[in-house]
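Next up: a single chain in structure tokens, the form predicted alone.
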Amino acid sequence: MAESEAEGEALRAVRRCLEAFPAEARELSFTDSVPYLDSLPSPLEFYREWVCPNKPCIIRNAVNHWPALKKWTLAYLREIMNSKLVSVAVTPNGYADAVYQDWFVMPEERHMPFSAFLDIVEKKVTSPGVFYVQKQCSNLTEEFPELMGDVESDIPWMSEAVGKKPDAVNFWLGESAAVTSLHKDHYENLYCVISGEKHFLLHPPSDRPFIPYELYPSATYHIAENGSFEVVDDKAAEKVPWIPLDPLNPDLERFPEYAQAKPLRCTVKSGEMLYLPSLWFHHVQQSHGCIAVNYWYDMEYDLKYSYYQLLDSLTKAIARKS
């Protein structure tokens, strides 16, 4: 009995530490809003002030020198890309790679003429579902090489700061109903808005004790001949750990710990660049027809990563004991 009581007290002590940790980390390292920089930083300054401490910022006028800022209208994109086949994510509700009815559901990936996709975005035609060009496989260089002359292949000062080139350069364009569910990436992310606005909800990695993960069987949306969507189980795939919580409308009865989290919210506008540090949780919305390009630089798997893995492991262990 004494041993069981000691174990219980130890678990309670760990839980108290995990609950206190996010507030302590926020007080030491983060502000209540995402800071703005009015000019491009030097590589050394950016690495020292933002990458090393794992802090986000928005850089104004970061990409105003890109031809894309003036050229990338929907009419221009239609002229350049025309009927070339591109990958488009199609979902019934706008949520790709998200939890739906106890499944982790990926979008139907449809290869369609870019002009037909733009017809949907511009509401010239209607089609079941929500459409979003969002394939994160360096799709700008792989599927849209015709547009590369209007942007940069990398961000020179970032490449110098971290000593590497980006792993991927991605192109984003879609309907306002397309939403990116809360998740994190193992990348230093430079997210550049060309037109429209992106709305980010952010949590630092230190908020992990308040953010739930569960394992879900993997599935994919498929559209039937009558236009309805069905969820098709991918029986060969392993279960996927994902966040079941919607931070815009959190179910606090099911996930009461999330009430203690304090998200940061920011809007990234045309010409601005968000530095989204590795391991930060983010949920993204957008204005209709928003066009963006982002650069993924692989993170350093250093002590910072090890600290996060420890935090993640302790959070999971406490959850199993609850």
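A residue's number is simply how far along the shown sequence it sits, counting from 1. Here the structure is a predicted model, which is why all the values come from computation and not from measurement.
Unshown form predicted together with another copy of the chain; subsequent notes refer to it.
- In the predicted bound form, at least one heavy atom of Val162 sits within 4.5 Å of another copy of the chain.
- In the predicted bound form, another copy of the chain stays beyond 4.5 Å of every heavy atom belonging to Ala259.
- Put simply, Lys70 is far from another copy of the chain in the predicted bound form: not one heavy atom of it is within 4.5 Å.
- Contact annotation: Pro205 falls within 4.5 Å of another copy of the chain in the predicted bound form, judged by heavy atom distances.
- Only one of Arg48, Arg265, Arg254, His65 comes within 4.5 Å of another copy of the chain in the predicted bound form through a heavy atom, and that residue is Arg48.
- Heavy atoms within 4.5 Å of another copy of the chain in the predicted bound form map, among the stretches 85 to 93, 118 to 126, 162 to 170, 230 to 238, onto 162 to 170 alone.
- Contacts with another copy of the chain in the predicted bound form, taken as any heavy atom within 4.5 Å, map within 33 to 58 to Pro43, Leu44, Tyr47, Arg48, Cys52, Pro53, Asn54.
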